[in-house]
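Single chain ahead, by itself, as structure tokens, in the form predicted alone.
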Amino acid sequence: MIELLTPTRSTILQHANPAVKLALFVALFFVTVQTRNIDFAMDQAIVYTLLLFILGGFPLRKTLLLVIPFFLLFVSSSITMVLFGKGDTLWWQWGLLRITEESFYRGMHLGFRSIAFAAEGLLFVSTTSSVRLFYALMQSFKLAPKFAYSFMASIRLLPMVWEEFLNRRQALQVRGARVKGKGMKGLAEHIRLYAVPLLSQSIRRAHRVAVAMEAKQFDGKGPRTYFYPSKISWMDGISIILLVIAPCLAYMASLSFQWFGIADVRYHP
């Protein structure tokens, strides 16, 4: 999974300051959250997906593989609102399933916003190194080193947990151990064979990491030096311009091409 999210080509966003980039993407998330115009939500989804193709750093084939789940995300996030949402203009009903004009448009709106969120998040993750992000947060936003290094250590531990899971599954297969029972009994057996050993091992490893950090004085007191200096460059200015133009372009497109023509889905009659 980590290799899948590793870009193969360099883009401007990859060289931008991670702290500045985080602030910009938080602003984009806020704009998407506050979007009530269904056309604007759809155009945001399109624009941010195009940015993922252009600035994500992935080859076209890999980007397509990453974008394919967007369709499932759209369906899963909108179907509940479409089938069970409230509304007065009834289109179709069968038992508990009830589709109205209001619920349909609200479901579409929710689905487009979900795609916009996914494209924004994937674009940020694919162009930002977690290590450089926490170094930038410590230098620019004065994040306490004990929290930053704790987050970095926890991220490093995630692949180890997965590797331990694979090793334990192979060991159980060699020993001929099988899960007996179905339903709750089978679930309890899975927890006994996998969850409890992995959890106990993770707790022991986390305790060792915490003791090591305490011994190396990661308490945030006193001046520190950083291996990765966080600086503001001209690439940050270009990144700001690009990420400001993106929602503006989506908004202009929603005014020029009104596919749904609904200004606010909350009050759509």
Partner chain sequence: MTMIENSADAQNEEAIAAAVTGLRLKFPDERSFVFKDLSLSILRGEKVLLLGPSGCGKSTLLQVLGGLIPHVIEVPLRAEEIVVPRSRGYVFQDPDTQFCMPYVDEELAFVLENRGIKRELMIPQMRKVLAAVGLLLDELHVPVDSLSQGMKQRLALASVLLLEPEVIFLDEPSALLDPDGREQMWEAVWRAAEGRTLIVVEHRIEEMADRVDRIILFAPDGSIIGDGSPEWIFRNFRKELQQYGIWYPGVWEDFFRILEMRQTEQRSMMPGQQDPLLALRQFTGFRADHPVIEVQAAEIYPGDFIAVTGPNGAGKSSLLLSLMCLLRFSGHYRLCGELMPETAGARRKERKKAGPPSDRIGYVFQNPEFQFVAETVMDEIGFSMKTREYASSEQVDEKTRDFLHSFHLVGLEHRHPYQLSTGQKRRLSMAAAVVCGQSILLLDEPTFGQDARNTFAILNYCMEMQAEGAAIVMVTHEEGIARHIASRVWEVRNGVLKEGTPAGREQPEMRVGT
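Positions refer to the first chain, counted from 1. We call the rigid core whatever largest set of C-alpha positions still superposes within 1.5 Å between the two forms. All figures in this text were calculated on a predicted structure; none of them were measured in a lab.
The discussion below concerns the form predicted in complex with the partner chain, not included here.
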Whether R208 contacts the partner chain in the predicted bound form should be assessed with a 4.5 Å heavy atom distance threshold; does it? yes
Classify P197 as contacting or not contacting the partner chain in the predicted bound form by the rule of any non-hydrogen atom within 4.5 angstroms, answering yes or no. yes
Although the partner chain is absent from this view, report whether Q139 comes within 4.5 Å of it in the predicted bound form, heavy atoms only. yes
Looking in the predicted bound form, any heavy atom of E164 within 4.5 Å of the partner chain?
yes
Answer key: of Q93, T89, S76, Q173, within 4.5 Å of the partner chain in the predicted bound form (heavy atoms) is Q173
From V33, I241, A215, I68: within 4.5 Å of the partner chain in the predicted bound form by heavy atoms is A215
Per contact check vs the partner chain in the predicted bound form (non-hydrogen atom within 4.5 angstroms), the hit among 25-33, 197-205, 45-53, 232-240 is 197-205
Contact check, 127-154 vs the partner chain in the predicted bound form, heavy atom within 4.5 Å, ordered by sequence, gives V131, Y135, Q139, Y149, M152, A153
*By the 2 angstroms cut-off, has the C-alpha of A210 moved between the shown form and the other one once the rigid core is superposed?*
yes
